[in-house]
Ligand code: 5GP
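Just the one chain here, the form predicted alone, laid out as C-alpha cells.
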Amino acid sequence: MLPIQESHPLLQAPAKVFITTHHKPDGDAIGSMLGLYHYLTAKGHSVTAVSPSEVPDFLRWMPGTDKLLNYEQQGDLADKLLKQSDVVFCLDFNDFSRTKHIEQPLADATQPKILIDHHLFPKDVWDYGMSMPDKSSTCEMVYDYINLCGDNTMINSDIGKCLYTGVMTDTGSFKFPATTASVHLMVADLLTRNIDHTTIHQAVYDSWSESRMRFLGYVLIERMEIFHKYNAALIRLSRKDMNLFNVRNGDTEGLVNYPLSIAGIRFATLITERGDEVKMSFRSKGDFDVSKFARTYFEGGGHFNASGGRSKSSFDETILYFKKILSDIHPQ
C-alpha cells in the first residue's frame, strides 16, 4: 500500500468517487464518511457514499445522512455506482469482510482503492492509504487528510460537525487513552467552524427513546454478570431480549462500556444474538489487550482497549465458552 499522498493525482480533476465504511456503522464510521463526502463534493467531485446497513437513529441528524445509500435496501444502485466510479475510499475498516454484503463487489472492483483507517493489521488489498492504529478515530485521520491536501480552509460547519461527532464517540467523549494532544488541537480548530459541541453531544447521547431507556435498565438488572475473581463482566442479549424491547439499530451502542464503571472491573464483554449471527464487543481498562483476546478466541480484532469478534457456535454455547476461558486470561 502506497502512502496516501501518492493518490493525490487521481483527484486533480473532477472524478467519480465511491465511499463506504463498515457494516453496522457507528459515529466514527458515519462521521468520517460524511466528512469526506462534504469535502470531496466541495472540491468538485461527484461522490457516492454508501453505508453497508442502516444509519443508527442517533446519527440521523448529521448533515448529509439523507445523501447516503443504504446497501441493504439499495444494493443494485450502489453496485452500479461502484462500477462507474474512478476512485474508491474505504473508511474505518481493515478488511473487506467488515462491510458484509459489499465484500465481494469491493474485491472485484478494479479502480484504485484508498484506505483511511485506524485498526490493526489491515489486509493487503488497498493501493493507497493511511493506516494509523495510534490515531483516536478515522475522523481524526480524515481531518489530517484534508490538511495533507492543503485544504484546511475548506473545513466548513458541515464537515466540522461530522468529524467532531466521530472523534467524540470513538474517544468516549475524550476520556479514552487515544485522546492525544492532536485530538484536542483538532477539536479546537473545529470549534472555530461554527459548530456547537453541546448540541452535538445532546443529539448523540441525550436523544434516547423511552423504550431504549427501559431496555438499558433491563440489561443492567437482568442480563449483566460480574466475575470479580477475574475483574470481568458480561452482558448477554439474546434474540428474544431484542424482540422484547423492539431493539433498533444503534440501541445497543455503548452498552459494553457500562460495566467498566464498576470498581475493579477491567474487562467487559457484550454478546449479542442477531439473526443468524453471534457477535461480541470487548472493552478494557489498563493493560489488558482485547484486540489480542479477540484474535485468539473469536476471529476478531480491533484496538488494544476496544475490539470485537464473532462466534460460529450457538448463543448459549458461546456464553459457556466465554466463561470457560475467563480463567485463562485474568485481566489486571
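The first residue of the sequence shown is number 1, and the count goes up from there. Owing to the predicted nature of the structure, the values given are computational and were not obtained by experimental measurement.
The discussion below concerns the form predicted in complex with the named molecule, not included here.
Participant: Tell me, please, which stretch of 54 to 62, 259 to 267, 40 to 48, 280 to 288 lies within 4.5 angstroms of the named molecule in the model of the complex when heavy atoms are compared?
Facilitator: Correct option: 280 to 288.
Participant: If you check in the model of the complex, is residue 223 within 4.5 Å of the named molecule, heavy atoms only?
Facilitator: Taking the distances in the model of the complex, the answer for residue 223 is no, it never comes within 4.5 Å of the named molecule.
Participant: Residue 310 near the named molecule in the model of the complex, any heavy atom under 4.5 Å?
Facilitator: Within the cut-off, so yes.
Participant: Indicate whether residue 306 is a 4.5 Å heavy atom neighbour of the named molecule in the model of the complex.
Facilitator: Residue 306: yes, in contact with the named molecule in the model of the complex.
Participant: Can you check whether residue 119 is within 4.5 Å of the named molecule in the model of the complex, heavy atom basis?
Facilitator: It does: once the named molecule is placed as it appears in the model of the complex, residue 119 has a heavy atom within 4.5 Å of it.
Participant: Please pick, from 113, 236, 135, 98, the one residue with any non-hydrogen atom lying within 4.5 angstroms of the named molecule in the model of the complex.
Facilitator: Flagged contact: 98.
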